[in-house]
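For reference, the chain that follows is the form predicted alone, supplied as structure tokens.
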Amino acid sequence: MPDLTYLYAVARESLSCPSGVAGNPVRTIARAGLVAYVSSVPAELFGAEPLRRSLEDLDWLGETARAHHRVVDAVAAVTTTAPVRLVTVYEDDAQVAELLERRSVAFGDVLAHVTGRREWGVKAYTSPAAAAAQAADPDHADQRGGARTCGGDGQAGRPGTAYLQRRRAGLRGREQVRRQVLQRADHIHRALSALAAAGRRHRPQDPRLSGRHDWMLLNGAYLVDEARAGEFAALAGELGGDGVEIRVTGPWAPYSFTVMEPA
């Protein structure tokens, strides 16, 4: 069974790279003023059916992602780069060359958009224990209104009625905390997006991958002019506090702003 061609990224310059997925050497394919970074991968591991099984193996996925990012980061450190989605595989080099020619304009637009810019990741966390404690605090519930009822109907003093009132107050409190947290995440994202050239919100990370069990409010990616990187990091830091922890990572290759669906 012939090997397949694994595509990492597209750029305009040909550079030497570290080894890629499965430890295989990376080579380049040039066409239409573009350069694709690829390596050979075995069909028995990267064909459609075995690949579906492999993607469910977190250890395999992590190792493959590290190799993919190692190549992309090496290229992006030197030249403007459009990373391609993880585990993008073609039948052979000829199919990749045809892709470059057919989508040269789209790749050119993407490369122009990210030139002079890098991606920064911003994650915002809060403690679910703190949120739950606040929601369960009867003083907070009373202050928000609706936690107490008039005792004129004689029901308030009964144990079952009191329990239901506390239960309802707790549910209202949790919902209010949830809304406040979402509003805070929206505020952080809007503020960062206003400074960045582009911003994108991703789904919260799986705790098995992040290693954190706090509540992830925001998992954002921002394309920032290189000259404004310091300003962006300072703003991100100012947006934390009051129970919200901000974690900034980067700069990265612009993974979130260059991925093009294979066509």
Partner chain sequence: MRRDVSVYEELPPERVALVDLLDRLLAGGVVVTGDLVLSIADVDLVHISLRTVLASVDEYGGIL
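A quick note: this is a predicted structure, and the numbers were derived from the prediction, not measured. Numbering follows the first chain given and starts at 1.
What comes next is about the form predicted in complex with the partner chain, which does not appear here.
Contact check for S14: every heavy atom lies farther than 4.5 Å from the partner chain in the predicted complex. Proximity of G220 to the partner chain in the predicted complex falls within the 4.5 Å heavy atom cutoff.
Among heavy atoms of T79, none comes within 4.5 Å of the partner chain in the predicted complex. At a distance threshold of 4.5 angstroms between non-hydrogen atoms, D57 is in contact with the partner chain in the predicted complex.
Contact with the partner chain in the predicted complex, defined as a heavy atom within 4.5 Å, holds for exactly one of A97, V114, V177, V87, namely V87.
With contact defined as any non-hydrogen atom lying within 4.5 angstroms of the partner chain in the predicted complex, the contacting residues in 50-82 are L51, R52, L55, E56, D57, L58, D59, L61, G62, A65, R66, H68, H69, R70, D73, A82, given in sequence order.
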